[in-house]
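Just the one chain here, laid out as structure tokens, in the form predicted alone.
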């Protein structure tokens, strides 16, 4: 089955080499005016100037989709989220409004452990149904690939339950889900005062079982004062690597923990949050293959300082943007809102945010060779936006703005009732 998308006012392909974009490259993407995209069997066959695409012999006889002079670009690749949970943390929300800190709320039984309690009590079918409903919202907002973490179980059975829910929803589509094991998210109540024992259990029991069942691609750790140390992170990522899982690190969110340097030293695919990063950390990221994933939605929701995105970009780090969607510190699935925050609060340019949310997000999931740009052979994941200028995408916020969304060559959301 072939589809030819024409009458594209601005086409941003994000095309380039098989590597994340860094420094000035992030701002060097220019829209193709009057572009076209040819899709065959769920993949991009050709993308670029209309005349060149129409000269491709495969374009003849293709089903025509008229983009109406609007903007088309790759679907968002959201490389950091926590979308499996049983209920939002509304009490925490109100406590923060009344002046309580993240740490104070956690100490009083709120925060991560309150979600853990509810997830442990939920059935796998209930978690699956909740995730399926949220997946539809991501698709409507233009996200076609989503990293989905566990981490609200903190024991073998519940972590498996969460990851099986992720596998079930991802295999059913249309949203592509990439599972990440985050058992090292917090120390569970039954291991209070015995963190080292819990880390050993994560490394010797949970990681091998999850990897053996093929339920995750990555292993992650919350490297933060009061949670897990740099040495803990090293142990967890080493155990993950032994089991065939690549590493990710929550680093420098609340304090300068050393997690970024640990992530770089262990060749983690990404270091995420990074609000407290110092210049040596940024330079280490710039000299490495580790993607710096910034999550400004959580800073907005928690009223925390934003990371210095300009410094990351100017020093040559590969920057990605993601939602950090979760029930406590960022209940936002809309990448468009994240891009708007990155522009207005972090001084990223509109095109830099789009690069960060597509091709760099793909590299933050080890998917840069197949996702994140509209190039021949890559997944036909693209969005037609209700916009005539790509800068409108972060400019307007409060609604998704996606006219239609294509995943693997199929229209999976459309305000215009497009049917293939």
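Note that this is a predicted model, so its numbers are computed, not measured. Numbering follows the first chain given and starts at 1. Throughout, rigid core stands for the largest set of C-alpha atoms superposing within 1.5 Å between the two forms.
Keep in mind that the form predicted in complex with another copy of the chain is missing from the display, and what follows is about it.
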In terms of non-hydrogen atoms within 4.5 angstroms, which of the given stretches 312-320, 179-187, 284-292, 332-340 touches another copy of the chain in the predicted complex? 332-340
The unique member of 307, 327, 247, 151 whose heavy atoms fall within 4.5 Å of another copy of the chain in the predicted complex: 327
Consider the chain as shown here, without its partner, and state which of 102, 227, 93, 191 has a heavy atom within 4.5 Å of another copy of the chain in the predicted complex. 93
Every residue of 21, 199 and 231 near another copy of the chain in the predicted complex, heavy atom within 4.5 Å: no
Within 4.5 Å, heavy atoms only: does residue 108 come near another copy of the chain in the predicted complex? no
Is residue 347 close to another copy of the chain in the predicted complex, meaning a heavy atom pair under 4.5 Å apart or at it? yes
Given that the partner is absent here, does residue 58 sit within 4.5 Å of another copy of the chain in the predicted complex, heavy atoms only? no
With the partner left out here, check for me: in the predicted complex, does some heavy atom of residue 355 sit within 4.5 Å of another copy of the chain? no
Under the 4.5 Å heavy atom criterion, name the residues of 142-166 that approach another copy of the chain in the predicted complex, in sequence order. 142, 144, 145
Would you say residue 9 moves between the shown form and the other one, meaning its CA shifts by 2 Å or more once the core is fitted? no
